[in-house]
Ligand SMILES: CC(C)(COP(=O)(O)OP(=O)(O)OC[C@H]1O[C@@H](n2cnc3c(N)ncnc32)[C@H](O)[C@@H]1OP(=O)(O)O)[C@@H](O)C(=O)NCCC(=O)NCCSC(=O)C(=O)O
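Single chain ahead, by itself, as structure tokens, in the form predicted alone.
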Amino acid sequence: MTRGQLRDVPDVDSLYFTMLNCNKRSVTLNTKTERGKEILTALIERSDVLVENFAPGAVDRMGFTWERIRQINPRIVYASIKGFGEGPYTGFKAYEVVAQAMGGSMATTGFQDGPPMATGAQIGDSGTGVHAVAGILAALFQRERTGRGQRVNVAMQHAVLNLCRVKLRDQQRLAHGPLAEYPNDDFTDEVPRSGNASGGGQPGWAVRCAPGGPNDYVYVIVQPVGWPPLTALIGRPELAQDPEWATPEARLPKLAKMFQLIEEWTSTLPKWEVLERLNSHNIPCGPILSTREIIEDRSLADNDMIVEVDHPERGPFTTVGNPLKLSDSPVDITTPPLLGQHTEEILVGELGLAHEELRLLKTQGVI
């Protein structure tokens, strides 16, 4: 389905599909046919990992329950990604933002006087995938000791919740009073939305820079050691010794005012100049990079994180490289497969099917 969703070039696989499926091969297989089931069985017999992301029960209805799969190959690791765990939500349809809504992210994202907000990071989809990879690798490692594969289940709601664990920390801290690290004026019995506040041990905020465009901001963290040089930069060096401002404890009740003072300085300078001046004093900070700035960032390209891939039908497109850098296993990003491009390569070359049978399978609708 994703080959046609959000299509930007007519009759060509969408960027949605191409950016998610580099370095893969594609086989078509109709598992509603008996021969299709036999071929899937043969693939399971020779595989280390089977991953599925269908609706609950779909693979079972094909005849491939976990019991059947591990009977075919006791060493296989079988991973499933679902929206929810067992319980009242099991049958709910899950999408990226549904997982954010039910995992704690949306309730704690945004500003206090505004609605819940989704994050642009795909923590429901890709975040769950990363959790699934961790489970798969752990299962493969354990197999070296036990000789057995195992079932790996990851729910999108659970993955988002794991990524929101610090908010559960703060939910419990509320029992002992307001959260001083938050800039909010009022607290109830729930963790509030707190805008761009870090909410951690070191306060942070996104401050506006010149000329005032939508992404002309720098995120600044105020550490104790960084306060004196920061006061000098903003033209208020007396605040470094003022007992009303000199310590983190003194500044906590005045976070909004503190970042207002910083913004009065940053709003007069471009964000890259602010970045340079703050970094010269080892003050933690980072510019808000727009998607255009990211896709044009020279350092990201030099680190193979923004890469250009040549597609046989759409031509070159830009995608994200591999963020995991292994010294002995460098990764070149290759073009995603056309539909069924590798069916013959795998069924003939790896499973040993005859070319004559392949032609017959095509006429029978198995592949």
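Residue numbers run from 1 along the displayed sequence. Quantities reported herein were computed from a predicted structural model and do not represent experimental measurements.
The following text describes the form predicted in complex with the named molecule, which does not appear among the structures shown.
For the named molecule in the predicted complex, the listed stretch (329 to 337, 315 to 323, 300 to 308, 24 to 32) containing residues with heavy atoms inside 4.5 Å is 24 to 32. Although the partner is absent here, Met156 is a contact residue: one of its heavy atoms lies within 4.5 angstroms of the named molecule in the predicted complex. Contact check for Lys93: a heavy atom falls within 4.5 Å of the named molecule in the predicted complex.
Taking the partner from the other structure, the named molecule in the predicted complex has no heavy atom within 4.5 Å of any heavy atom of Trp66. Mapping the unseen interface onto this chain, Asn53 counts among the residues with a heavy atom inside 4.5 Å of the named molecule in the predicted complex. With the partner omitted here, the residue from Lys82, Arg277, Arg193, Lys167 that has a non-hydrogen atom within 4.5 angstroms of the named molecule in the predicted complex is Lys82. The contact residue chosen from Glu181, Asp216, Glu263, Asp125 relative to the named molecule in the predicted complex is Asp125, the criterion being a non-hydrogen atom within 4.5 angstroms. If you take 61 to 80 and check each residue for a heavy atom within 4.5 Å of the named molecule in the predicted complex, you get Arg61, Met62, in sequence order.
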